[in-house]
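Only one chain is given next, in structure tokens, and it is the form predicted alone.
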């Protein structure tokens, strides 16, 4: 009699549910960039900048992926570059960034994921899953601060800035807060990137806009969105894609993933309605607007990101309200005060991402509910490391009896992100400026936009097919006529 042997298509450590959820979450986050931000930004900007903006989003996404698999992933989530031991400043530099090396071998991609992001229990999927999940977060960050610099940055300068910024800014911040680095070891938390992604993008975008200088006066005064229908479509993709953004950052398909998804949507709905009410009651026009609703939506999404699985439903409502309320005033009044009034942040990234991300991160220190368990089950030793039971992981805010410790750690991490992102971005821009012989397109090119830079436009003229067919490129002698038509 021949014995029947049962074969499994998985290694013993792989959990199909967890693996599937991480890949689905990663895809949802990827959709936030392509097409989410592509059509949102492409619809909000002037018609003459739609192609340029959308193409920079596609290329930025692609550049980060190459950086990520060749060296970026292990810089953010690998082994620290420093040796063990030390304290104080030596502890900081030892745990500042991971050792860069690729993850392109079969061994690296298919073996069980191990990372500094793993603090309590092992991952139940391969490195390829975790690496792709972390990649889509890395990719969306420079695409966010793209909104600050549209309408004047050289395309080739963008192609150089993105890999440099991802390597020297993003990977360092990711390791410090997510990869087991210094701030993580000190107790600072950032559930899905309120600091690593949004605060950093807001500050970096603001610095980049300052270094680049303002858009053409004509573009600033007549910056009418070219397609609000597409902007609404992109905003909707962004909102629902955030279910993967926050729901996937438990790293497991457990109860906290569901809580994070619900809290994300509750905070976002609260923030959107708050912004509309503020517009209706306190703006000059006293009218609700679609762009205002989108701004409120983004504030809620960004602010709940640092705490989605650590606050309860009441906390989510408070986060959404406070972020939208404060950012509304910042957008309408702080923008008239130096230095904000002197910097042309085209889409207001410093407000909806920078300030909202900062507020969200700090509110963790107040509102984190210790009853919200990220790993395991409340009241049980539901997993173990080193042979002993471990209390399930949660975060304790000031309003729940946790004292000021968590708020202090959140504050320290925020100060680092702000200063490091600002100084680092400024230095990188000077390098790019030298290599590319300037950061801005010439004014005569800025006057025309897409046709001058890409020989394309978002709604092509009938002669476009002739240009593609090789019958000649766009005649720069038509500059004035085309500018007037825009």
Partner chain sequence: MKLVTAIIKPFKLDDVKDALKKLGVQGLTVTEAQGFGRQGGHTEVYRGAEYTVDLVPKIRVDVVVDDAIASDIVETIVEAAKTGKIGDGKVWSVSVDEMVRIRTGERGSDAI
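Numbering follows the first chain given and starts at 1. None of the values given here were measured: they were computed from a predicted structure.
In what follows, reference is made to the form predicted together with its partner chain, a form of this protein that is not presented.
Contact annotation: of the candidates 71, 168, 331, 252, the single residue with a non-hydrogen atom within 4.5 angstroms of its partner chain in the predicted bound form is 331.
Comment: its partner chain is not present in this chain, but in the predicted bound form one of 343, 184, 228, 276 has a heavy atom within 4.5 Å of it, namely 228.
In the predicted bound form, its partner chain sits within 4.5 Å of a heavy atom belonging to residue 224. Among residues of the shown chain, residue 362 is not one whose heavy atoms approach its partner chain to within 4.5 Å in the predicted bound form. Taking the partner from elsewhere, residue 105 is found to have every heavy atom lying beyond 4.5 Å of its partner chain in the predicted bound form. Among heavy atoms of residue 338, none comes within 4.5 Å of its partner chain in the predicted bound form. In summary, the region of this chain contacting its partner chain in the predicted bound form, judged by heavy atoms within 4.5 Å and restricted to 216 to 224, 95 to 103, 121 to 129, 194 to 202, corresponds to 216 to 224. Although the partner is absent from the chain shown here, 285, 291 and 347 each have a heavy atom within 4.5 Å of its partner chain in the predicted bound form.
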